[in-house]
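Taking the form predicted alone, here's one chain by itself in structure tokens.
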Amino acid sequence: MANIFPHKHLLSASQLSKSDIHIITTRAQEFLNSGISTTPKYDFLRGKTVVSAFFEGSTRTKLSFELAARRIGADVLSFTASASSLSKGESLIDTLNTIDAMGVDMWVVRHSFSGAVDFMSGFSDCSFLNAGDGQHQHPTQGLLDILTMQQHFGDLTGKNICIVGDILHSRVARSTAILLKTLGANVGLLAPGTLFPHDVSNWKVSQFRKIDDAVEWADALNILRIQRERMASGLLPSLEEFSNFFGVKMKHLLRKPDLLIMHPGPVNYGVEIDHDVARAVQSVIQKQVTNGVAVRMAVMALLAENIERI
């Protein structure tokens, strides 16, 4: 099997084969083994400029991508939509063309509209990485989740991974579920009926309506934030009711001590997960953050190798 990453962009988890995922996570683990918390010692993007364009607020993903780009030698141009000419009425494509004309090589984009990153990639010769678009995809979050689970379980074939919480609004759920199924894992979803996507029957996953059933079935819980900023009225009676019926609590860990606990952050403590669960020894939430830097280093390094080839 050729160890070649055959993509110019990373826009969706669905574009990745099992081999692609293996190449990315292997490279990420190599970075982790060599150390990612040092001054830049890699030159995959030496002489290249990465645009960090976040049209939505972000802490983990934005900082992780920018740190990862610098770790592999890139110059980073950080773009903030609210402080740009977009606020004066400039179009997205005019903004893209203006920045491209400055001589950049790669875009990392988060946008509130599904499909926006794919759309932008059609108007530029640069490589594009989707850092989250609307309710569509967040492929590097899915990949860092995969790496974290592989570190714990090894081969994910046959493992039962349940995604818990606000599935409806979650691009993380979509990306992670796709990658897990590509690797042969069994995927479950736990949510109130109002927070299942309308097309969930097409996902071909197990569906749970009770937290106890999900805990009994799962080897790992990937717990999602309730996205109150996207929540239409009437989807949940109250956050307290959600916590009572779907929140992950210490009693669940006491019942199943080997249950792996994950969360992409930021966390609503006392809603989808209790504080003591997030800090328990079974929790790998902080490891996910570390792995995010390594995965993004890996993806950008692999795309950099393709800038001249593709």
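It should be emphasised that the depicted structure is a prediction, and the values quoted were computed from it without experimental measurement. Throughout, we count residues from 1 along the sequence that is shown.
One more form of this protein should be noted, the form predicted together with another copy of the chain, which is absent from this view; the next part is about it.
Engineer: I need to confirm a contact call. Of 169, 138, 111, 71, which residue comes within 4.5 Å of another copy of the chain in the predicted bound form, counting heavy atoms only?
Structural biologist: Answer to the contact question: 71.
Engineer: Quick one: of 239, 76, 235, 178, which gets a non-hydrogen atom within 4.5 angstroms of another copy of the chain in the predicted bound form?
Structural biologist: None of the other options qualify; the answer is 76.
Engineer: Is residue 63 one of the residues lying within 4.5 Å of another copy of the chain in the predicted bound form, judged by heavy atom distances?
Structural biologist: Heavy-atom contact with another copy of the chain at 4.5 Å: present for residue 63.
Engineer: Taking another copy of the chain as it sits in the predicted bound form, is residue 227 near enough to touch it, meaning that at least one heavy atom pair lies within 4.5 angstroms?
Structural biologist: Although another copy of the chain is absent here, residue 227 would stay clear of it in the predicted bound form, with no heavy atoms inside 4.5 Å.
Engineer: So in the predicted bound form, is another copy of the chain close enough to residue 194 to count as touching (4.5 Å, heavy atoms)?
Structural biologist: Result no; residue 194 lies far from another copy of the chain in the predicted bound form.
Engineer: Is residue 286 close enough to touch another copy of the chain in the predicted bound form, meaning at least one heavy atom pair within 4.5 Å?
Structural biologist: Looking in the predicted bound form, residue contacts with another copy of the chain include residue 286, since a heavy atom lies within 4.5 Å.
Engineer: Can we say 101, 269 and 293 each have a non-hydrogen atom within 4.5 Å of another copy of the chain in the predicted bound form?
Structural biologist: Spot residues vs another copy of the chain: full contact, yes.
Engineer: Look at the stretches 255-263, 23-31, 274-282, 242-250 and give the one with heavy atoms within 4.5 Å of another copy of the chain in the predicted bound form.
Structural biologist: The contacting stretch is 274-282.
Engineer: Let me know which residues along 11-37 have a heavy atom within 4.5 Å of another copy of the chain in the predicted bound form, or say none if there are none.
Structural biologist: If the 4.5 Å heavy-atom criterion is applied to another copy of the chain in the predicted bound form, 11-37 yields 36, 37.
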